[in-house]
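Next up is one chain by itself, shown in structure tokens, the form predicted alone.
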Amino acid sequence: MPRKMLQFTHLPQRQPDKRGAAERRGDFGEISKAFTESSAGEQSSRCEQCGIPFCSIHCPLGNNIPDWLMLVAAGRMEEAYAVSSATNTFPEICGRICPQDRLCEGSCVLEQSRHGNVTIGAVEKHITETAFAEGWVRPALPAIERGDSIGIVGGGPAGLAAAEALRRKGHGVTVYDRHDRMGGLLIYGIPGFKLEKSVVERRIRLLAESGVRFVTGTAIGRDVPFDELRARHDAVLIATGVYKAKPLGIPGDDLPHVHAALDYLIAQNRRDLGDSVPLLDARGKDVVVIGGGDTAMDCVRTAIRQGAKSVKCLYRRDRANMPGSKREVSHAEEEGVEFVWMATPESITTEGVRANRMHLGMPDASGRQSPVVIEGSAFTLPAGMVIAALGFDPEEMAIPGLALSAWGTIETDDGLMTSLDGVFAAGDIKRGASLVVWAIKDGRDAAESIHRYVSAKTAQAAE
């Protein structure tokens, strides 16, 4: 049934129902239930249809959010999916894992006016799941085959987004990944309670059906020399992400019960996928996770599900200055995680983590207040497992002629081409550890630049 818009004056904000904390602690299934058609329509009708859509402006992909909200409110779901998928390669994934509270929903005019933002992420998920159920989501089959070949190194969100866009234009695409599955952090890094792996696998099947060729278990530089890769393809995109853990840099950080966040998450995700791998198991242990980003939230909530005796998150700033999603913090607290704010680790022993209390001093170059140790405030948290979740750096890349930044990321021009002709870079390996939605944007942008580059080469060869 079509609905009028601007219904925020009498319809309160409502997020999808969540499974109870006691139930969800026992498994790795997604915690949120799906919107019904009626609920999605009602929540969409709350949109104010702003003349300046701040939700779209603050979406890295520039999604036409007010348009598809209006279409959902009108019951025009197939058109809503067409609009949603026009700017976003993986809307069902972004609807689940984007930190909407920091992006579109946090910028909603209704949020600023204290009416409560439109539940954009949940509606986005509803649109795409409806589209899959109705058979509206189809492989990107090109109208013509161009006869060229693009090689993509890395099967994460940037590489897969580029593959879809290039294949849609008729380019031959081969994606290489060193792991045994495509998906990158979508498969191995993000826990199932945020993103069930069947959702990612469904998209990868669609890409394969569109003609994208996947080569797994192949590391460029180890199994295939980079020069050989360039010779195979008309252009190459590097989208390897960043996987090297930032070190704690404190005494005891090399003890056997100290683990990098990604090692911990990959072990659990592989187990969930049915692989027989040694599990880094928190069962029965006091667990301390050091860090305050979304990866730290993934770790604390995984430890809870593994049956940890206690789980504490140690973060050097306060709740207001935490870089992770506030929604994820709330979910973690509901599930039994304890946050130790304003504290930083000093050392790790076999018994636990020795830490110091902090206070916030003057702002640093980024504008955030710098944490300062309070002298004489040391205390110890018992810990049978310590997980370091301080972020990620690029792994070393030994490619002659490839210009790198001081941080080890790949430098590119405005078109995402590197210092090597015909070699492009996208995602975290280009911008540093960031959000999946930014990786998707980079992948789509790189695909446009690669298309122009290869088309120009083809035209020049025909002259």
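Since the model is a prediction, treat every value here as computed from it, not as a measurement. Start at 1 and count along the sequence shown; that's the residue number.
Form predicted in complex with a small molecule: not shown, discussed below.
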*If we take heavy atoms and a 4.5 Å cut-off, which stretch out of 203 to 211, 74 to 82, 303 to 311, 288 to 296 is in contact with the small molecule in the model of the complex?*
288 to 296
*Just give me the single entry in M70, L404, L420, L435 that has a non-hydrogen atom within 4.5 angstroms of the small molecule in the model of the complex.*
L435
_Quick check on this chain: which one of A163, A239, I387, I127 has a heavy atom within 4.5 Å of the small molecule in the model of the complex?_
A239
_At 4.5 Å between heavy atoms, is V353 in contact with the small molecule in the model of the complex?_
no
*Is there a heavy atom of A86 lying 4.5 Å or less from a heavy atom of the small molecule in the model of the complex?*
no
*Do A439 and the small molecule come within 4.5 Å of each other in the model of the complex, heavy atoms counted?*
yes
*asked:* With the partner left out here, check for me: in the model of the complex, does some heavy atom of Y176 sit within 4.5 Å of the small molecule?
replied: yes
_Please tell me whether the candidate spot formed by V153, A158 and F392 is one where all three residues come within 4.5 Å of the small molecule in the model of the complex (heavy atoms)._
yes
